[in-house]
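The structure tokens that follow cover one protein chain in two forms, given apart as structure 1 and structure 2.
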Structure 1
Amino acid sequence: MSLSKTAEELREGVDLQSIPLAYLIPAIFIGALALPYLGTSYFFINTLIYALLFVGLGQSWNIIGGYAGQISLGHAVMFATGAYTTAILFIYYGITPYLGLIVAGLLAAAVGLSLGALTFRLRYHYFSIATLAATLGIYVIALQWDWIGGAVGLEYPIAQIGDSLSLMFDSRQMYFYVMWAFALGTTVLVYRLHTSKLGIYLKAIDIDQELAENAGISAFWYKMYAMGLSSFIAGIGGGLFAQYVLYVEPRILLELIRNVEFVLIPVIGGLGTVLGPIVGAAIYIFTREYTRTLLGGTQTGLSWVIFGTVLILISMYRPSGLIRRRPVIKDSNEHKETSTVSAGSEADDD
């Protein structure tokens, strides 16, 4: 290799798109474990915790929005279902959140499947409007429902913080590791989905639903599979959010901006990609938290102007997101040349 060629490669840098996800994902999450040691302030650790939580929530929406192409504006309903379920089971019945999170995920999946069964017959923006209407309706019901605390909400018994079965910690670092595990688990799940038959069918439905149905793919049922999986993750994410903030109420769970956040993260990072929600959550959460803190007081609201500007620039220069989709099925000629090596890994990338 000549020196000039080596220098040119160094100038171009490492192309992350060329690195297999099977290596890139472990590297990212192992590297993330060092982040709490870079800064120990409450604000920095709090921002990391939210970033990891929203990696998982972004992956949740990515399944139904990025892969199946269904622009849901109702994921706050499943998020709130998980949060309320975990909180109520613990506060009213003393059921540990370790079990409550599973129940929360299952109940959220049931709610998501019910919503999907009612709305998947709708196409294009009608589906988005219907899911948004569901969120607004549930928000009004939650405000009036005294059993779940109404507009005031429910608070966790802080006296049980530190109890081994309460999943409430004195240390912020423990929450960081819990959210890290959630982000890693959802990313691995989406990675497996990406390389599975279900993932390929969902992408086919996203590209051309009529053509996919003509090929024998049941668009309705595959979208239902995606909705159930996506809602299950959103429910667990809602339960973890409740365990972290230690209270639940309609405004923080069902407000309109919550729905928008679920959508923004994979849109910024890259729809239908495994790494997109990771990149999107890092950009969105750090921008939101730091601008909101630095520009608070008399400049409240300016943070959204700055974030809107960033979003416009991304839309102009990278409309499909910062992470590009990698081809799942490589060129046929390349496939023939590498078939003996890549038979099990050709669907390895975005």
Structure 2
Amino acid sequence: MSLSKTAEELREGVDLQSIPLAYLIPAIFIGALALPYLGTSYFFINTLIYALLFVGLGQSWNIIGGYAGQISLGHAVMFATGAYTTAILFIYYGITPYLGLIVAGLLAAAVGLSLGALTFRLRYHYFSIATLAATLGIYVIALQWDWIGGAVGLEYPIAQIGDSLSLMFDSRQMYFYVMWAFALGTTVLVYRLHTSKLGIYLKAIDIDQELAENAGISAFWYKMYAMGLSSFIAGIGGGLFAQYVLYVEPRILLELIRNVEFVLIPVIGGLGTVLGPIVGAAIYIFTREYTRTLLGGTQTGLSWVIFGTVLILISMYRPSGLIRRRPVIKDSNEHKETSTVSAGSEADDD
């Protein structure tokens, strides 16, 4: 009896549903503060920093891909916009990244909105293709654009590490806290979104755009809203990434792989869920970093074979990710609701 119940739960997804997010999110993030004390190796802290950064980036994609259901394959563009903006403002003009990050977010949002204005007329895989083409095109431009460093990129002035306004730190611990704050901020934002009118509208557009529009929701403008938010976060994430690695170049910022990472993390965890990107980033980054060391530098290709296979398996067996979506509106009689829903959809079929 209990065995079959466990099997059922596993099939249905990890059941965190019974614990309210208002308790779960603080518990996860306060718990995460203890992580740097578990190991002091550079490698471990580095992995933690990336995991937290990618929680935020995953949340960014989650808004547009998970909630609004628009499969953007071009989020690296906004990520790169943020990274280049922060880096250029600091390197060329000496503007502190504390300000630069905000500019980065806003500029990335502007880029995202332009991309959205251009491509939101397209649906399904047409949207994916157009966003993919956009990011590949911008990659080509970035490689040739001398002002932003071309293919070589730009490096941060190392002499200023540790300056109070440089947002560059001697210790990895400080970066950990910065990324922790970024992950927490984005998670709280998505949590707010999840229960807000906007979140519900976006989900409605994802499920049936025509129906949503008939109900008076402007699909285009709500998608733009989501794109703006998502791009803003991606831009700040890009800026933080630049502050951490201390250089910007097209290859690491705009590669195809970057676009995939945005998608992979919420997809592994659970699309349109608040916890999905957290679970996804933890699984993805730890697998990525550890396979990288285990397989050695020249054989990094193998880890991408593994992630490709994971994507295929997820799409075959659990296209919505590990975590089930939480109902926004609590329903006391779940069975009754599902039966009416199925009756309704049957009626729609003719």
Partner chain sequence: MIPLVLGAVADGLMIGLAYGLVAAGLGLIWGVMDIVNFAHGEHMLIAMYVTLLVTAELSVSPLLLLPVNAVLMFVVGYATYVFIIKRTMDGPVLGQVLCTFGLLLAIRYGIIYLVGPSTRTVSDFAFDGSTTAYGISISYPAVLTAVVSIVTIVLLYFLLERTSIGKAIRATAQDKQAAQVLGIKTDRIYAVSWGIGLAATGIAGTMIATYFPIQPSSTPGVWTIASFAAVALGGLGSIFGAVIGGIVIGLVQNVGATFLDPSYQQLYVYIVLIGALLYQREDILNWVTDR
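Counting starts at 1 with the first residue of structure 1 and goes up one by one along its sequence. Heads up, when I say rigid core I mean the largest set of C-alphas that superpose within 1.5 Å between the two forms. What you see is a predicted model; the values in this text were computed from it and never measured.
Where the criterion is the form predicted together with its partner chain, structure 2 meets it and its counterpart does not.
Relative to the superposed rigid core, residue 44 undergoes a CA displacement smaller than 2 Å between structure 1 and structure 2. Once both forms are fitted on their core, the CA shift for residue 30 between structure 1 and structure 2 remains under 2 Å. After superposition on the rigid core, the Cα atom of residue 286 is displaced by less than 2 Å between structure 1 and structure 2. In this core superposition, residue 307 moves its Cα by 3.8 Å between structure 1 and structure 2.
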